[in-house]
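Here's a solo chain for you in structure tokens, the form predicted on its own.
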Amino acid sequence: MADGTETESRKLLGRLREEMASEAAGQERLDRITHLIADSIRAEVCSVYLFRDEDTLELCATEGLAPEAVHKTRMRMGEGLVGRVAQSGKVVNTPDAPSAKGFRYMPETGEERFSSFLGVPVQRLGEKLGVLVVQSREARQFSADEVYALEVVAMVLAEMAELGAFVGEGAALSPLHQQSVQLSGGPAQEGYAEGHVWLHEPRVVVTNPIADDPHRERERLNEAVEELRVGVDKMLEISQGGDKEQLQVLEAYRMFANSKGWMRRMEEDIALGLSAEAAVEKEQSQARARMGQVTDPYLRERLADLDDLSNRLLRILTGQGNTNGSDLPPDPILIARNIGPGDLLEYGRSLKGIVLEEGSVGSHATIVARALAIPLVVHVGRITTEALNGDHILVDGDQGIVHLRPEDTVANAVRDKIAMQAKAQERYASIRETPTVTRDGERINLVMNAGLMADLPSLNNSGAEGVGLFRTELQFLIRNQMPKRSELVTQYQRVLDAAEGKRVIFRTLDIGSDKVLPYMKHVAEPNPALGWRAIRVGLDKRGVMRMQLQALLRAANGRPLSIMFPFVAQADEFYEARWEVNKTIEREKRLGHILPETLEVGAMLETPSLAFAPQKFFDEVDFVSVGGNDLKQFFFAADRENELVRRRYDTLNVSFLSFIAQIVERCNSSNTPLSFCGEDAGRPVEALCLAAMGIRTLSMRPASIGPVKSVLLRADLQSLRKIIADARHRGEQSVRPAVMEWLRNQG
């Protein structure tokens, strides 16, 4: 970069800094900035276009175009050269704008006099805010140095917008982070919540984007990078001898932390007049923009590593975001890009709701949120950039909708729903001790799913008759090393103690697919849901299975014990697992340990193949539990993590209900107890139909027991069975319309 250009760039940033310190505000400040940029770049035109909504750009200030076009000229994303810059996030630099691809003439602006065009995106950490444009009559290609200088200026404009420097009339100049915003995602845990935002990783706001002492800023950057490198080296030291994949990730961290190219680019930004933190954020914004365009998963992961390192570096430079949770509001709604089960458990029941930018309906966070009965919405795009700590927020976990800074009418509507929910809970409390017997005398057992000690108080509060599924993997997932057998014994003892004699079915370790132990070598699989998981891992890692079986037998200490193996696809897998149980019992007997009073060993039917197992399997297994979530995704070949297809297939589809009826028939023929476990068991309409098909035990989250019991107590299953049979006979794809009509008629 030529010294003159460098001086001009610094001069421009110096003038910008003076403008930031001036008393001018809003439109006046933006007008003055466009004037000084045009003057410094020696261009006849400088214009700033900002987004007024997600798809529309508005001309908000200009030097050189018709003043009356300001706040009148608008274009859609992708429309014209300005829209092209906004959509692609890339620079457009052409000496002959009218002949450039995508050019659109805006007659009201008077731009027909200008030939050259340079447009750069105004964006902050991947969030698109607008486009900065310079134009001139002369047919010139703007130099690389000029492009670079304008990118730096665009970055400063983004920071100024973040700090509210351009608030004025019109939608495009309305204050950032002050408008009411509705965002949609995927419902992962039902319920409504109202509270205030708590960002798991608060955004760092750069309050001093421009500095006048490049030497001091370089020193600050070098000191912070050195601190970062020391931190990464310490993490590597601690992890030596541990998981190889974790070490590889940390090695990649170290590589980036020591990257000369990364340092050189940030030092060049500082030489142009940026502060150390603004230089870091500029590089981070560009990495995020690249991340949005890269499809290769390896490259995306590496760019995500760089993004994480940039966040750490910004926190070191600014001291922001290093809170310990002591400032948590009294009604926190947690906002995060993603979160692990350990972090979520640390927050515990203090949270009113959770909103994730990524996440999934089967993730560890979802399992914990369900255990804690906290409304959760996943796949909420832009939430981490839109929300600020302390913002008022409403979460609709039923619809998967988030209202950020809601207007009063919206807030009142959601409060009405929360009040209705509370009233319904009071009604359910009144039937808590009532046995679930339908109007035609059918007895249905309602049991609950659990996975944490925090779940167990719900046994009494919800009226559950026992635990139909205790997920044992959470104790493995929330720690950094394999738990000891003695720790598991203590944990399982506490579960049985808390159950106070009610039956608890312990599901053995169900890992793999979306549940990966941080300390077990991760196996890259093209389709993990159909891969090495659950009982398949257990049979290949017999030592882990035996340790867990020993812990369960010892925890029972003479009490009844029920063990269930997950994801059994064929009878031989169950026989092998049961042989391990028998072998473990023999060993415990030899060691003189007290054996369970009774022992039941069951299997989860989560794959269609097990429904067609030989009769011998159904005769010998002590009980069968249909794992509805997995069974449905394999039955319909529709990934339950895929938002494009997971809602496409209905549980009340005639084919699926016919398959359930077949499983019921096979279990009845051998007097094998059968239960249904999963989300559908906790949905009143689905639960009714499953009971009508002959399933007599339903296992669900505790909060669902009241609504399901309320409906079952008033139902005539024999009458409903006829409605379902008639719909099947008519050849309808789903019995839902007929069932809903029947329910309406029943009142």
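Keep in mind that what you see is a predicted model, and the values were worked out from it rather than measured. Counting begins at 1, following the sequence as shown.
From this point on, the text means the form predicted together with a small molecule, which you will not see here.
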Tell me, which of Ile393, Leu309, Cys677, Val134 has a heavy atom within 4.5 angstroms of the small molecule in the model of the complex? Cys677
Answer with one of Glu277, Asp269, Asp455, Glu606: the residue that has a non-hydrogen atom within 4.5 Å of the small molecule in the model of the complex. Glu606
Looking at the partner-bound form in the model of the complex, is Arg124 within 4.5 Å of the small molecule by any heavy atom? no
Is Arg315 close enough to the small molecule in the model of the complex to count, meaning some heavy atom within 4.5 Å? no
Using 4.5 Å between non-hydrogen atoms, is Glu217 touching the small molecule in the model of the complex? no
Although the small molecule is absent from this view, report whether Lys282 comes within 4.5 Å of it in the model of the complex, heavy atoms only. no
Of the listed stretches (465-473, 551-559, 588-596, 352-360), which one has a non-hydrogen atom within 4.5 Å of the small molecule in the model of the complex? 465-473
